[in-house]
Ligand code: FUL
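So this first bit is one chain, no partners, the form predicted alone, shown in structure tokens.
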């Protein structure tokens, strides 16, 4: 119990809670993180070659040999698809390290790839810098190969590997933790407090992800769905990485005292690692667009896994689909019908310029001519906290106001999808809020025909 309490204290401390009118607010790193909107996961290890999802740690290093490995191909494809960060599985549960770690022989240094002289982490981090993407790492706490796993000595081993990654590969923008644990090591107590302290010391600008933060929380599922109601605030009492209520994480907590926005992780394929048998099961561009609405459009961030294949390349279907996904979004949100019809602060794409809207005081937008729309966007000035609890969007049919859609939380971004309506006037009513709502962005759009 003392361990859990200490983790809670650390999580709230690291969230840099600042109270504005008694509301929790984001730290600068949390604010910058959420505005990236779409990041990518890259699951790649011996599992790619053994056709497994979870390796058992007995895999020979010789199986790892991506003969056409090209990190620049990965990152260029992600850049072209509008992703802002790539997070690499530097070590998965099998314990195989994609860099030549000094602390284990189970790594690329004993593989045939580049005669043992290769370093996947370096090549991916270098490619990210070359193409202007941020770089993140995942280092699995569970290690099915390392003999010290299950003993206190393992925490020292893990921290040494963490330090290698945080000191040898330039700026790290996100460090991704989970609480996965082997059934045969029930007494393994991960020193998350120590891990987080190392990250803060060596990479102070990086956000830290886990079920319990301290910066970013899990959304509670791997299907790509943030809650229809999604608060960026939670309370972490009783929580720790690997020990959390998924439903609670999915919706957040209106009364939560820790600012900890949700990250929605989902794979473009049924599995997290590449399997040739899934080449015909890659999510379509339209399915990816739907994931965007269900994550970014519900006050979360989309972390989409795009796993490299056995040759060391992103598969052609995956590359094509993520590119088309971005083209669809760009087309849909290219023309904002609200531009020049509302104050410039509502269409300048800046969260820190906003208007205040009082509860139950309808805000009317007069377009002066008939427009056709089927998408709406709202954003709050989350630097001052998350305020909007409920709202309503309506249109004037010439005689009376008709409901288009109602909504709950807005936060960083709320996207509404509805059947095409034709109208000259729309109005937004914030029916319940924590004080006056600070509306930062407002948009009305016609979806791409490709959606």
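Residue numbers count along the first chain shown, from 1. Predicted model only: the values in this text are computed from it and were never measured.
One more form of this protein, predicted together with the named molecule, exists but is not displayed; see below.
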Item to check | 126, 178, 327, 235 - the one with a heavy atom within 4.5 Å of the named molecule in the predicted bound form | outcome: 178
Checklist outcome for this item: Checking 149, 196, 99, 272 against the named molecule in the predicted bound form, the residue with a non-hydrogen atom inside 4.5 angstroms turns out to be 272
Checklist entry - Do heavy atoms from each of 37, 217 and 263 fall within 4.5 Å of the named molecule in the predicted bound form? => result no
Next on the checklist: When the contact criterion is heavy atoms within 4.5 Å, does residue 171 count as touching the named molecule in the predicted bound form?
Outcome noted: no
Next on the checklist: Since only the chain is shown here, I'm wondering whether residue 298 would be in contact with the named molecule in the predicted bound form (any heavy atom pair within 4.5 Å).
Outcome noted: no
Item to check | 4.5 angstroms heavy atom contact with the named molecule in the predicted bound form for residue 245 | outcome: no
Checklist entry - Does residue 222 reach the named molecule in the predicted bound form, with heavy atoms at most 4.5 Å apart? => result yes
Checklist entry - Using a 4.5 Å heavy atom cut-off, which stretch among 309-317, 151-159, 91-99, 352-360 contacts the named molecule in the predicted bound form? => result 91-99
Checklist entry - If you look in the predicted bound form, which residues in 310-343 sit within 4.5 Å of the named molecule (heavy atoms)? => result none
